[in-house]
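Single chain ahead, written as structure tokens, the form predicted alone.
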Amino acid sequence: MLLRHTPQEITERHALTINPAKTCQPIGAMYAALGVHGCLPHSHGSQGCCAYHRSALTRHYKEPISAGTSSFTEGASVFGGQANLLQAIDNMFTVYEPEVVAVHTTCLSETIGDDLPQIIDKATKDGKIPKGKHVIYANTPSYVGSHVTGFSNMVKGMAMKAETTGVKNGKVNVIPGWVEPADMEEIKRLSGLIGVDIILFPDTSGILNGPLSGEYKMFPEGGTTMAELQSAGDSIGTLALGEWCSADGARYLDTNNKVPCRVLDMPIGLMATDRFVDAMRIIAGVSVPEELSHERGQLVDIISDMHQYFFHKKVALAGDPDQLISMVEFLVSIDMCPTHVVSGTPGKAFAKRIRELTAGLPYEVNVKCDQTADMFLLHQWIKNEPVDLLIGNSYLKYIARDEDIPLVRWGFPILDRQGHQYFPTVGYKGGIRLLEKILNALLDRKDRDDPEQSFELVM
């Protein structure tokens, strides 16, 4: 395979990225938009860009992704895409009748300098947006940031729809970050058990993990409604799960609608879930229900039972910052050893946070988190310091094969396996699921490699 030519000697690269640990902003914006009820995402650029964004999400979620495009040609590429977008908005509301159109830009429209607020204002004045319908938007140039940045920008666009009436609704806004639809379901379930009425946005549960009923629906039943988004300005508070994905939207509501916010880590693993549950408990003014204590005890039990197989196993990880921070904390808490950590999403605070979480390890962890971070570098790190396990998306399978290392698929995108959209990895139940995947990968490898005298039936 091609990766077998990856050299062990690491040289500094400035103008070349090989197999980046990220994808582009519009994909994140499109995923976030799908979490709004009755929403049709719209890619303001060429047809090819939109086709790529749709196919990336379709391959991961195994669901058809609908989206509009401004269909730039040479004329729009030179003179701007205002006419294209105005016509597209008119066409989409007339033909497909969505409740909401969510417009995100691309490299092309950003380079030209199309002014989305001005164009959408003109569409409103020209009567192209029917009464009772809505357009949200986000600037998502692909040449900066990553899919995580695009997700965050679209979430902030949703927050801009919030209204303040002066009468609190008693609800808590929860911005879940880029997690699977099943994770969003789990966040709603946990909140319900604690007794907190939440507005979760975006919410892709029921949209990208819905049932096959035999009946086609252009817009599935799930998603956050526009009424909920508008009432988010009257909530008593906002919990943002993840600095990179969720904090911008929460801080916008804090600044503009006076809804106080708190930024937490994604509730992946024992301690991060504890902090989420505690925050919700304080908001609701209640005790933690016995059912949640029971679930937490089950997670602690599997850690205790199988600790011998986790102990001091070295792990290399690639993924998104918010997810990696919680995963690294979880791994350290069960005495595994994160050794190499790579994310293609820029963020100077990421490396500092990872080093704080791994400060008790007897070595310095390799960390890189910027636009030049890639899996080529991760592969080189592994060649210089081998690991026992890989955790990340499907692109790591090449390194796993070349270096003969077990792989736990987790994050985005997962292109060669099914089920990730149905099984949560957040919360205590999600922690059990993660440990099962990690444990199975390690024990499968142990069974494969053990000599006959230590090939055991009971482990």
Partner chain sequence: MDPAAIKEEMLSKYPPKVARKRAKQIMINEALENETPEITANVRTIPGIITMRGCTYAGCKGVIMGPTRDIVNITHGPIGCGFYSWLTRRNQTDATAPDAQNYMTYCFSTDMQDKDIIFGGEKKLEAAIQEAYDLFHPKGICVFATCPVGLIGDDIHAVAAKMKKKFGDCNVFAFSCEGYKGVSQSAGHHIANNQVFRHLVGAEDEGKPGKYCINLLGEYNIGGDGFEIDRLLNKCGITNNATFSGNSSYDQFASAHTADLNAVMCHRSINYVADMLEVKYGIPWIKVNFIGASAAAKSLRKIAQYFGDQELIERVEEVIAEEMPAVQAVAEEVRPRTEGKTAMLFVGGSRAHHYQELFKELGMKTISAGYEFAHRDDYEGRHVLPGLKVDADSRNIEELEVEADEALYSPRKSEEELKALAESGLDFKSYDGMIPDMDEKTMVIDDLNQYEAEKMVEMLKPDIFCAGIKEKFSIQKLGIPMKQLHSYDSGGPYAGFKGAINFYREIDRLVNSKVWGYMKAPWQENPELSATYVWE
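Residue numbers count along the first chain shown, from 1. For clarity, every value in this text was computed on a predicted model and none was experimentally measured.
Keep in mind the form predicted together with the partner chain is missing from the figure; the text below concerns it.
Peer 1: Would you mind picking the one in I27, L34, L434, L390 that has a heavy atom within 4.5 Å of the partner chain in the predicted complex?
Peer 2: Selected residue: I27.
Peer 1: Within a 4.5 Å heavy atom cut-off, is E97 in contact with the partner chain in the predicted complex?
Peer 2: Answer yes; at least one heavy atom of E97 falls within 4.5 Å of the partner chain in the predicted complex.
Peer 1: Against the partner chain in the predicted complex, would G48 count as a contact residue? Criterion: heavy atoms within 4.5 Å.
Peer 2: Contact with the partner chain, yes.
Peer 1: Does V332 reach the partner chain in the predicted complex if we count a contact as any heavy atom within 4.5 Å?
Peer 2: Flag for V332 set to no.
Peer 1: I'd like to know whether F376 contacts the partner chain in the predicted complex, with contact meaning heavy atoms within 4.5 angstroms.
Peer 2: Yes, F376 lies within 4.5 Å of the partner chain in the predicted complex.
Peer 1: Just one of 141-149, 353-361, 319-327, 295-303 has residues with a heavy atom within 4.5 Å of the partner chain in the predicted complex, so point it out.
Peer 2: Single hit among the candidates: 141-149.
Peer 1: Which of the residues spanning 67-83 lie within 4.5 Å of the partner chain in the predicted complex, based on heavy atoms?
Peer 2: Contacts from 67-83: A67, G68, T69, S70, S71, F72, T73, E74, S77.
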